[in-house]
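Next up: just one chain, as structure tokens, the form predicted alone.
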């Protein structure tokens, strides 16, 4: 009963999750943790520690070999492929390399995330423009990705991931290619999104950002969970 109650109040829960690639590469081993609604959590660890694999499991790009994963009270390991797109409407994802469509403008890139879900044209206009103002791109609406700086492209990526207002955002090294000042700007946007109620799990190598923010830290090392600390510190 206690386990059921915990899953109802957690946005993300992993219970004994193990992932092995090609039958021999241990990516994650026996990971158990829970992330509550509205949390902002840093996922840290050296390259190869399992951070990206964990995010892929939560986004159902990969499936765990053992254990269970719960998203918003629903176990996703047994989710049929046909229902994965619906899962991704509640789990937005921000990537280090932006993954923008090069032939679409800023407005079109963000609107595309709404259009693929069948949102009416009027709803697209109502949602996209205020969001681009939030991320500081109201003067870049009709620019193409190759006309933007790295920080601006990442702001488009954030807007696209958040335009459907998912309750969960996964961010995989969103400041990895950016200079320190630009990284702080991205963090301010993510903080604002978090204050609006979205749960954020952010993988990063940036110990400066982590230690400045004083948020919860989950640290992986060689696929094992070795630290889970509120207002944690990280020494890369």
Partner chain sequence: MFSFGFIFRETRNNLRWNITLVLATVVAVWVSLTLFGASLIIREGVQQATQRWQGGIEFIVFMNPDATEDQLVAVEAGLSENPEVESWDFFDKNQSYNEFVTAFSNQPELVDSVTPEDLPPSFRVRPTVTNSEAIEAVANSFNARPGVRLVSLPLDAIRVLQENTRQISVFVLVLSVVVLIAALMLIANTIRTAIFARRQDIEVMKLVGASNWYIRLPFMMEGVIQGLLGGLLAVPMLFLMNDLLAGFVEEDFLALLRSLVLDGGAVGGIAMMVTGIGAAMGAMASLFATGRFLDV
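Keep in mind that this is a model prediction, so the values were computed, not measured. Numbering follows the first chain given and starts at 1.
Omitted from view is the form predicted in complex with the partner chain, to which the following refers.
Look at 170 to 178, 56 to 64, 32 to 40, 187 to 195: in the predicted complex, residues with non-hydrogen atoms within 4.5 angstroms of the partner chain sit in 56 to 64. Of the listed positions (129, 104, 74, 165), a single one reaches within 4.5 angstroms of the partner chain by any non-hydrogen atom in the predicted complex, namely 104.
For residue 147, no non-hydrogen atom is located within 4.5 Å of the partner chain in the predicted complex, even though that partner is not displayed. Proximity of residue 155 to the partner chain in the predicted complex falls outside the 4.5 Å heavy atom cutoff. The partner chain is not shown here, but in the predicted complex it comes within 4.5 Å of a heavy atom of residue 121. In the predicted complex, at least one heavy atom of residue 115 sits within 4.5 Å of a heavy atom of the partner chain. Residues 81, 82 of 67 to 82 are found to place at least one heavy atom within 4.5 Å of the partner chain in the predicted complex.
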